[in-house]
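The data below hold one chain only, encoded as structure tokens and taken in the form predicted alone.
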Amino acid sequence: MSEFVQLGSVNERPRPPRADELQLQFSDLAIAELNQLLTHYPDKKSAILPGLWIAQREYNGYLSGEAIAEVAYRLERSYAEVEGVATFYSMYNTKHAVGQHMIEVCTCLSCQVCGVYPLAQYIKKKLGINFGETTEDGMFTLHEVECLNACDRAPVLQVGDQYHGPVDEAYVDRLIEQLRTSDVNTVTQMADCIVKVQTGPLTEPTSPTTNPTPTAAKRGRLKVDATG
């Protein structure tokens, strides 16, 4: 019988992060929500997507390395596995920290025909940023997106979970001014809504906590006068 020869050290298999390697930030409510979600799935791996939505809310809209590591820890998955999932889907914000409001501009065919590119240039000039950037005050992030499936309202923008269209420069002016003083349609509110769709309403734990939830996301709809 041949003898097994091990060349070099055995490669360590990817392992979940340990608590002592992390600065955990999930609130008590977030932990309760994650535990609730785990009852819906056959194993913890299946809860990576909803777990990332909780993290996106808890980490102020941005899935930083620390946020991804916390999901990996709580779901007992490797960092690489959770990071691979998070970076695959464009709705998870993994590239950079985002502003309070994310304005997403559809530039597909119908919106092009209806003049979205000049409008996009107007928005860039008004905010002083390009696509993929955030204003210095942290209020707005501007993104170009693929078809929003609202061609009858072209050109159309999305802010949070709300569509706006058809829009023109005057509408954009009113929208941005309202958003500056609004705490609805925020990035964290959208993540919170997605979490709540899956968990249903949960009662926030009343026990003392060292990491109170930052996620008291106010729900509402922004009403912008379409006629000016």
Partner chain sequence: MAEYKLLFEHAHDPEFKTLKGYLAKGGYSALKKAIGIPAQSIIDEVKASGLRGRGGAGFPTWIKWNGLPKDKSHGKKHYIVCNADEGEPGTFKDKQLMEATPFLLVEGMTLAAMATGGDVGFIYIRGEFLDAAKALRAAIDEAYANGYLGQNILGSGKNFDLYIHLGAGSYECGEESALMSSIMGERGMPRLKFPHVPLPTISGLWDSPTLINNVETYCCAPFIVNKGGAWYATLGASTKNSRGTKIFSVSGHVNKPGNYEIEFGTTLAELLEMSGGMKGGSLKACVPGGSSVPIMNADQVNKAVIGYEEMWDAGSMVGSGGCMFLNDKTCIVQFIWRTALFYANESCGKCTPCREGTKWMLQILERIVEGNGQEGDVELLMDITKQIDGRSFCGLGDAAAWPVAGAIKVFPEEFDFYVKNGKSLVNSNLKLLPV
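Fair warning: this is a prediction, and the values are worked out from it, not measured in the lab. Residue numbers count along the first chain shown, from 1.
Another form, the form predicted in complex with its partner chain, is not on view; read the next lines as being about it.
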For this session: Spell it out for me: taking its partner chain in the predicted bound form, does every residue among Thr107, Ser110 and Met190 have a heavy atom no farther than 4.5 Å from it?
Result: yes
Seminar exercise, completed: From Ala69, Leu49, Ile31, Ile176: within 4.5 Å of its partner chain in the predicted bound form by heavy atoms is Leu49
For this session: Give a yes/no on whether Thr39 approaches its partner chain to within 4.5 Å in the predicted bound form, heavy atoms considered.
Result: yes
Exercise. Do Gly132 and its partner chain come within 4.5 Å of each other in the predicted bound form, heavy atoms counted?
Worked result: no
For this session: Indicate whether its partner chain has at least one heavy atom within 4.5 Å of a heavy atom of Leu127 in the predicted bound form.
Result: no
Exercise. Is the gap between Gly84 and its partner chain in the predicted bound form 4.5 Å or less for some heavy atom pair?
Worked result: yes
Problem set entry | Proximity to its partner chain in the predicted bound form (heavy atom, within 4.5 Å), stretch among 22-30, 58-66, 190-198, 177-185 | 190-198
Exercise. Are there residues in 90-108 with a heavy atom within 4.5 Å of its partner chain in the predicted bound form, and which are they, in order?
Worked result: Ser90, Met91, Tyr92, Thr107, Cys108
